[in-house]
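Just the one chain here, the form predicted on its own, laid out as structure tokens.
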Amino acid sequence: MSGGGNWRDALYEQLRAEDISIFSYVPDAGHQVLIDRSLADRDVQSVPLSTEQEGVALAAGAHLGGKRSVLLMQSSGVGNCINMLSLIQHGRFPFLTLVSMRGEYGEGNPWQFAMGKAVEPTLNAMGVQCLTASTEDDVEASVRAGLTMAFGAEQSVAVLLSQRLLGAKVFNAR
């Protein structure tokens, strides 16, 4: 999937090839290409959310309706989902989320570190298995594994897109 930043477009094509037809999201620069592609694709539903936890419920409804969905969120949104993630454990439905990480490599915003550190332990505590993509070459394999685990084995999976992969955002405290 390497090739000059084109990995985001290739990721969208990979998700579509696996019948992901519902993209839920809270606006985020790390997912902007996926969001824009889903908005432009007449064959999918692109659902903006007020809060990330709504995406967990939407994934449950999508599964019950015979559809596959993905929740696109930033690492800070994981904290908003904790209670709703218990729905997955009880209902045992497949769940896939792509998490754009903050509070890691090159982070300049001190407010991002606490949740950035808590993402993986929090998701694991709620029964969500975490896979990490740190380079463009990791993306395709990590997402393929996540798709197989979520929709083949009906597991809960988060693919963490590291800040090293996405690039650190510039933060000016002034």
Partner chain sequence: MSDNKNRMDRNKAVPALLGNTDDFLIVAGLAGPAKDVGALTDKAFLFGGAMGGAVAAGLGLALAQPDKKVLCVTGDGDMLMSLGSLATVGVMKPANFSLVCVDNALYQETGGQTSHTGLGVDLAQVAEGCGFAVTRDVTEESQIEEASGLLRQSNGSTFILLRVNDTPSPKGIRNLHATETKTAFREMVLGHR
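Numbering follows the first chain given and starts at 1. In this text, all values refer to a predicted model and were calculated from it rather than measured experimentally.
Although it is not shown, the form predicted together with the partner chain is what the next lines describe.
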In this chain shown alone, the residue from Ala62, Val70, Val128, Val143 with a heavy atom within 4.5 Å of the partner chain in the predicted bound form is Ala62
Even though the partner chain is not shown here, does Asp138 get within 4.5 Å of it in the predicted bound form, heavy atoms only? no
With the cut-off set at 4.5 Å between non-hydrogen atoms, does Gly91 touch the partner chain in the predicted bound form? yes
Interface membership of Glu107, the partner chain in the predicted bound form, 4.5 Å heavy atom rule: no
Does Glu154 reach the partner chain in the predicted bound form, with heavy atoms at most 4.5 Å apart? yes
Look at the stretches 112-120, 129-137, 52-60, 30-38 and give the one with heavy atoms within 4.5 Å of the partner chain in the predicted bound form. 52-60
Quick one: name the residues from 7-25 with any non-hydrogen atom within 4.5 angstroms of the partner chain in the predicted bound form. Ile22
